[in-house]
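The chain below stands alone and is given as structure tokens, in the form predicted alone.
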Amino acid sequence: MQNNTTTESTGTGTHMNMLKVLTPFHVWALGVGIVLVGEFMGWNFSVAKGGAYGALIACWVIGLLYSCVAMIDSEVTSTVAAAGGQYTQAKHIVGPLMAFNVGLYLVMAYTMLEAADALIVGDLMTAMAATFGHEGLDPKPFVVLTIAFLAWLNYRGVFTTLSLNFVITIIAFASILVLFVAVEPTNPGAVLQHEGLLTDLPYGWIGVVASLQFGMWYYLGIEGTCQAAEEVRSAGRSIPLGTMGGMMTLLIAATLTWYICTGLLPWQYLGQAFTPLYDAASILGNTKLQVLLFVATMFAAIASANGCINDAARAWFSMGRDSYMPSFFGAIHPKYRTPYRAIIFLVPIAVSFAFTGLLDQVITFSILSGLLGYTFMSLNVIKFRKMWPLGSIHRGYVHPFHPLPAYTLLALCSTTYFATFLGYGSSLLSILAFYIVASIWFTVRRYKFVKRGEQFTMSWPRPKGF
């Protein structure tokens, strides 16, 4: 554990900073660690919407959406290198109300995803207990234990937290490669039965559109790499390398996962399976492989929950530091240099959502919160380039083909809103209502505490046109 301290003297006293200890490998572990659980569960609900081919189309279309997210995030975050990620970007580029909403999107997306991960761990533990004759165990104690342990780990320090994520994420990703080799991909028909199992689009192209919602589960959370911007040694190097490398890893893992599962499981079963990769391994009759996939599924869920706690806490901490939320939450632990109050505060919220047991609703809340953030991102980067054109400020990374990625991202987000409305229209409207009420609360109750002059931490020239 690194205990060296970093402080800055200000006119009002001493301001404590978080430690700059992270490398591109930690950023990769944060992004991929959060997301990789989507390869082990959740993505397959897209099969129920659009069939096996529809799920593959969703995998690649949403892969394009997240490639745009990764490129845009890499540029803006390597330039606005502060905790809070997209929230901090909105604060500098748009204004307080947008920043508040983006911060809330981040907190809710990661907290809901954390709750879903804890549900997975709890159900896996009860399933394992049942195999040893202990049936009927309540998964809730496992849910609480998982969240509490990972919160404690985050409380103790980010370096150890993300180092653990790196190890268990590598193991989980390696298990997909091992399973891919085990199904003999070079010998079609020997193990994989794509010819007999793959069908045409069962619900036509409208089913393909509907499948885009759960296609996001392949990649949801990769944007969390931005939350590490204040703790990396070099934002201009670590954020782009970790984020883009993570996105390439996930594209490979997603495609391999689809290929394996659709060659072993009928699409009707796959569309409602709880742990599709583990089920696919179970069909092969190899006990060692089955144990490996069970452990990997557990590791993927733990890594995801671990990264979500890290990201949600830093977004909440940043909002507290800027008085968008009570300043009580903007504190850093004097020894461990972590946003410990934000970490502790979000624990009961995650537990309460996990206790509902409504996995699909929790996933939908997470997906829609993330989608709202991506919609802002497409508009944000266009304004960012207009306010500070290339050459006016130093950028750690410049994403190519601007503004094409921004317009592509906006179009794909709009399509995915429609896809979500097809299956979860009431949830979509309820979540939008929640954020509207939250915006009204911020405007009426919290805006007066925001000190605009203290929020601009970047030494940039006056924006063009201002």
Partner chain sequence: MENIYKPPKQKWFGQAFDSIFILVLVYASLMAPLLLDSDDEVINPDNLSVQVSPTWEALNVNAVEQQQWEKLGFDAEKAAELINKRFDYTIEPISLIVTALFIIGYFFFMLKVSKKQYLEVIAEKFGSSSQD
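Here the structure is a predicted model, which is why all the values come from computation and not from measurement. Residue numbers count along the first chain shown, from 1.
What follows is about the form predicted together with the partner chain, which we do not show.
Participant: Closest heavy atom of Trp217 to the partner chain in the predicted bound form, within 4.5 Å or not?
Facilitator: Contact check for Trp217: no, nothing within 4.5 Å of the partner chain in the predicted bound form.
Participant: Heavy atoms within 4.5 Å of the partner chain in the predicted bound form: does Leu412 have any?
Facilitator: Taking the distances in the predicted bound form, the answer for Leu412 is no, it never comes within 4.5 Å of the partner chain.
Participant: Even though the partner isn't displayed, in the predicted bound form is Arg337 close enough to the partner chain, meaning a heavy atom within 4.5 Å?
Facilitator: No, Arg337 stays farther than 4.5 Å from the partner chain in the predicted bound form.
Participant: Does Met112 reach the partner chain in the predicted bound form, with heavy atoms at most 4.5 Å apart?
Facilitator: Contact with the partner chain, yes.
Participant: Out of Gly236, Pro141, Pro185, Pro266, which one falls within 4.5 Å of the partner chain in the predicted bound form, going by heavy atoms?
Facilitator: It is Pro266 that has a heavy atom within 4.5 Å of the partner.
Participant: To verify the annotation, which of these, Ile176, Ala151, Ile168, Met98, has a non-hydrogen atom within 4.5 Å of the partner chain in the predicted bound form?
Facilitator: Of Ile176, Ala151, Ile168, Met98, the residue with a heavy atom within 4.5 Å of the partner chain in the predicted bound form is Met98.
Participant: Report the stretch among 421-429, 60-68, 399-407, 23-31 that approaches the partner chain in the predicted bound form to within 4.5 Å, counting heavy atoms only.
Facilitator: It is the stretch 421-429.
Participant: Is the partner chain in the predicted bound form close enough to Ile93, Met108 and Gly465 that every residue in that trio has a heavy atom within 4.5 angstroms of it?
Facilitator: Affirmative, all three are within 4.5 Å.
Participant: Within 342-358, which residues come within 4.5 Å of the partner chain in the predicted bound form, counting heavy atoms only?
Facilitator: Residues within 4.5 Å: Phe345, Ile349, Ser352, Phe353, Thr356, Leu358.
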